[in-house]
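One chain is shown next in structure tokens, namely the form predicted alone.
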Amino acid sequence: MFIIGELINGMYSYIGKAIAEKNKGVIQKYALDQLKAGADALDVNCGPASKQPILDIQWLIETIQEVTDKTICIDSSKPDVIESGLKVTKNKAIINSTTADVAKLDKLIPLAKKYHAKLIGLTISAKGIPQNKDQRLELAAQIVATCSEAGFLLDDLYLDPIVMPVNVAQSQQNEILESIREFKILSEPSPKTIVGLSNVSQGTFVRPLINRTFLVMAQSFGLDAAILDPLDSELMDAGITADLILNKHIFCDKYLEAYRKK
């Protein structure tokens, strides 16, 4: 399981304040804490309150790269902000994200190719969030086909089925899980799958338990990656153990410690 830490996001008050004050210490602490907890990459988002996101995304990335060379996942709905971040990223980045709309794909696929970045494709369009598995598959197929026609390597594509909060979309959860499995048969090589995990528990009172349970279930359906809070140690332990049971790494009595040191 490829883990992307979600905590460097300006929507969190402590990160938003650090961005506004250009406090490198706070950003670097959250970067290193997430990596120490087992994150493989770091999602970086200026947040909606940023008044100069093009400059702020560069500052965030450069600040993080002072203390680590791990993968940066550049998170923005604005292509110009994404490109600004790509310009200062030292290693192969991840673009988070494109939708299935042609206009968005036509902007972000060329950027991903130009900067040799990976790309997250959300199975959503201007019509809104899909309401069942078939609609998700249709949008996923559109993303895959457009990437393939543009010469973008499908090995570098992640498909996101759009996780919905269980308290308002309980009936969709099984559709989302089935979509993860069926995305795998859309192409050869298969696109990877990813979820923004915290969305499933949004607005609920037992968020850690819901996140943990959904993650393990999604792994059994073939999930490859997740954007989540790696500082939730029980969540991380559940994910590591699920991968162990799915025979993705070798058992030893200290497998949790061994996995985190990988």
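Don't overthink the numbering: it's just position in the shown sequence, from 1. Only a predicted model underlies this, so the values are computations on that prediction, with no experimental measurement involved.
Although not depicted, the form predicted together with (6S)-5,6,7,8-tetrahydrofolate (THG) is the subject of the following passage.
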Could you check which residue among 196, 38, 222, 47 gets a heavy atom within 4.5 Å of (6S)-5,6,7,8-tetrahydrofolate (THG) in the predicted complex? 196
Taking (6S)-5,6,7,8-tetrahydrofolate (THG) in the predicted complex as the reference, which of 176, 82, 122, 105 has a non-hydrogen atom within 4.5 Å? 122
Report whether the minimum heavy atom distance between residue 172 and (6S)-5,6,7,8-tetrahydrofolate (THG) in the predicted complex is within 4.5 Å. no
Is residue 235 close to (6S)-5,6,7,8-tetrahydrofolate (THG) in the predicted complex, meaning a heavy atom pair under 4.5 Å apart or at it? no
State yes or no: in the predicted complex, is some non-hydrogen atom of residue 11 no more than 4.5 angstroms from a non-hydrogen atom of (6S)-5,6,7,8-tetrahydrofolate (THG)? yes
Is there a heavy atom of residue 202 lying 4.5 Å or less from a heavy atom of (6S)-5,6,7,8-tetrahydrofolate (THG) in the predicted complex? yes
Checking a candidate spot here: are 34, 156 and 192 all in contact with (6S)-5,6,7,8-tetrahydrofolate (THG) in the predicted complex (at least one heavy atom each within 4.5 Å)? no
Given 143-151, 114-122, 83-91, 176-184, the stretch touching (6S)-5,6,7,8-tetrahydrofolate (THG) in the predicted complex at heavy atoms within 4.5 Å is 114-122
If you apply a 4.5 angstroms heavy atom cut-off, which residues in 42-75 are near (6S)-5,6,7,8-tetrahydrofolate (THG) in the predicted complex? 43, 75
